[in-house]
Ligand SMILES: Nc1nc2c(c(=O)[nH]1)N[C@H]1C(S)=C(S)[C@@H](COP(=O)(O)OP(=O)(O)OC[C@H]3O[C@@H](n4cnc5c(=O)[nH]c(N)nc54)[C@H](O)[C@@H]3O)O[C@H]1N2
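Before any questions on how it binds or moves, here is one chain, the form predicted on its own, in structure tokens.
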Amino acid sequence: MAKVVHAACPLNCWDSCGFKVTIEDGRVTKVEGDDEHPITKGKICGRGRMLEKRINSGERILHPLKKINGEFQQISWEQALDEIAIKLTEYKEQYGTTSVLHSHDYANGGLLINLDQRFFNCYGGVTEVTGSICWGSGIEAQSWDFGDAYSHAPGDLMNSKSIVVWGRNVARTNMHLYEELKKAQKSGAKLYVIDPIYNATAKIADQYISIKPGFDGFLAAGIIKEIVRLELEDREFIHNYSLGFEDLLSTLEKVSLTEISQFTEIPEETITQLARIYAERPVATMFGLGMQRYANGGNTIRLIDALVAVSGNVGIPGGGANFANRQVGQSFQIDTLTLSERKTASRSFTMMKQAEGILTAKDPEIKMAFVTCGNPLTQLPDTNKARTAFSSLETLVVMDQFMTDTAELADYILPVTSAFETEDVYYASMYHHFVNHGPKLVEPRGEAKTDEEIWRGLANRLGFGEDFAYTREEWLNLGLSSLKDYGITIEHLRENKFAELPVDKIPWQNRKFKTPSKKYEFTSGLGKEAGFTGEITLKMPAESTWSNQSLAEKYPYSLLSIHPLRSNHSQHFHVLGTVPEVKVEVSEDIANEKGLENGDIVKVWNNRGNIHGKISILKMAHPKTINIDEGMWRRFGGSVNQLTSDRESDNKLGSTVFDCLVNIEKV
């Protein structure tokens, strides 16, 4: 008999939805939205619905696998854990614990996913990855400016006079914010979308502003220049609550409004218009993630932050520089779960430079890698280099549910449970501030184990099993212990399905920032501590006509690689129901110049690699712009990251995957 129970979406996504899941005969048969959830209100995307296909897929890996003579063979858990533990012991004794790399990403938003860090810390400390392919530049930039990256709570848009969605297609990546935008418009707010692509969010905007990819920071600089020229700046905020404004003015004097218009390919009068809009506060700025994936990415976010600050839109209802909301993750007792004090050795590569790190590391070399919660052979920039690097390892262990591009290279594959096969609590530090309960709904398929069980099994073999001698309930209450005074326990969540976390719904309203000076910092003390000048600079993308003319002559088109509509990164392509194809979206001028029509097969290439796909012409996209969605598996045509660079952003903690020039031709 069918029953419907509450659950939560595990995907690392803006919306972090509440679910209703139908169970029949011990099997998940349907995933729908929970209309009682205060934010997501019963609406979920196709990616969430496809979790039913993921858990039931015939392609799931259900038993431990070992590669023998180039072929995977099923082995027992006992053998798998014994052999992996022996290798971990040998590498530790012969080379030290940092000869092991823990390669991870954020494919799952569960609290107990953090137990992987506990394991490697108790092991002694391994080579770790820092920064983020996704949002690292922006997080670091906002930490320099504000002291942390905090956003306004959903619903605050109803206080906004104007809303600027900058480089973000919320219709694709944040559907519940999309609904809030329409609601705010009905209440009188004006919506402005700044983006190289005329996307679904731009279609509902009161005004769409097309910008040359990679030059968003210059646009912000131009708007600030006009605000100051028109004497519209918030002098009270600047004088009393900020530091380094004169340094910013000095930087802005180095470029004229005419030059900014040329760089951004936006008319000067539009820049002046935006200055007046920002001065008529409150203005909410909703940042996208793509515009900080450039060599100038950190400074791009800092310039937009500066615009929000100069115009007086910090810490007021209806305002905000809304990039991320790290208050959410900071609500949990992560340090207690991870035991970072237990590691006695450490080394790190940035997430972008994993491949280079594997290939060049010495004293010790990287001998072994553990991949958890990610698929680096699809998602890392310059995947050709990544394939070379991961193929060079003596031992590669992958924990996954499917034979991904990365799993294909593994020596051992350890099958892990799906979200519906184990209990956890889920949250996302991007949009809303509710934590959702995800109960165990069905028994694991085959021999799949939870991450926690795998770490416990290895810990027992390596001599620190007592650090993993907790029940699932004890783990959860440990992670929730900082919320006990607010009445948020695992028992409360089981009964109520979700809970509102104690966050500042309008951050920085008290004008007390987390920077060294306790002020908003146009010139950053944290930036200086990190080895930089701390000043905002006007930097070009690494690959553009203005910064590298010879490269631009050879590869004249800007390549974007935005989030796919139907997959959470690389997690859903294999369960779509139809064989996916690489879609190459081009602006109309490229189609006209190259004689391309919808459906044509083309090759897109640069000096890092090439990819073939089918043409789709983008209406009203910025000239010389191409997009290929990220996340596509090799067997379906290959990852767009064959073309992207593994350079780091200007603050060293973000990727530059959008900073990419290519050429294109019909095949």
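Start at 1 and count along the sequence shown; that's the residue number. Quick caveat, the model's predicted, so the values are computed rather than measured.
A second form of this protein, the form predicted together with this ligand, is not displayed here; the remarks below concern that form.
J.: Can all three of 561, 568 and 658 be found with a heavy atom no more than 4.5 Å from this ligand in the predicted complex?
T.: Yes, all three are in contact.
J.: How about residue 649: is it within 4.5 Å of this ligand in the predicted complex, going by heavy atoms?
T.: Result no; residue 649 lies far from this ligand in the predicted complex.
J.: Within 4.5 Å, heavy atoms only: does residue 168 come near this ligand in the predicted complex?
T.: Yes - in the predicted complex, heavy atoms of residue 168 and this ligand come within 4.5 Å of each other.
J.: May I ask you to check whether residue 107 falls inside a 4.5 Å heavy atom distance of this ligand in the predicted complex?
T.: Answer yes; at least one heavy atom of residue 107 falls within 4.5 Å of this ligand in the predicted complex.
J.: Can you tell me whether residue 399 touches this ligand? I mean in the predicted complex, with a 4.5 angstroms heavy atom cut-off.
T.: So residue 399 counts as contacting this ligand.
J.: Within 4.5 Å of this ligand in the predicted complex, heavy atoms considered, which of 138, 319, 222, 196?
T.: Selected residue: 196.
J.: Looking at 306, 413, 366, 289, which has any heavy atom no more than 4.5 Å from this ligand in the predicted complex?
T.: For this set of options, the contacting one is 289.
J.: 63-71, 22-30, 601-609, 638-646: which one contacts this ligand in the predicted complex at 4.5 Å, heavy atom to heavy atom?
T.: Looking at the other structure, the answer is 638-646.
J.: Given a 4.5 Å distance limit between heavy atoms, list every residue of 127-141 close to this ligand in the predicted complex, or none if there are none.
T.: Counting only heavy atoms within 4.5 Å of this ligand in the predicted complex, the contacting residues of 127-141 are 133, 134.
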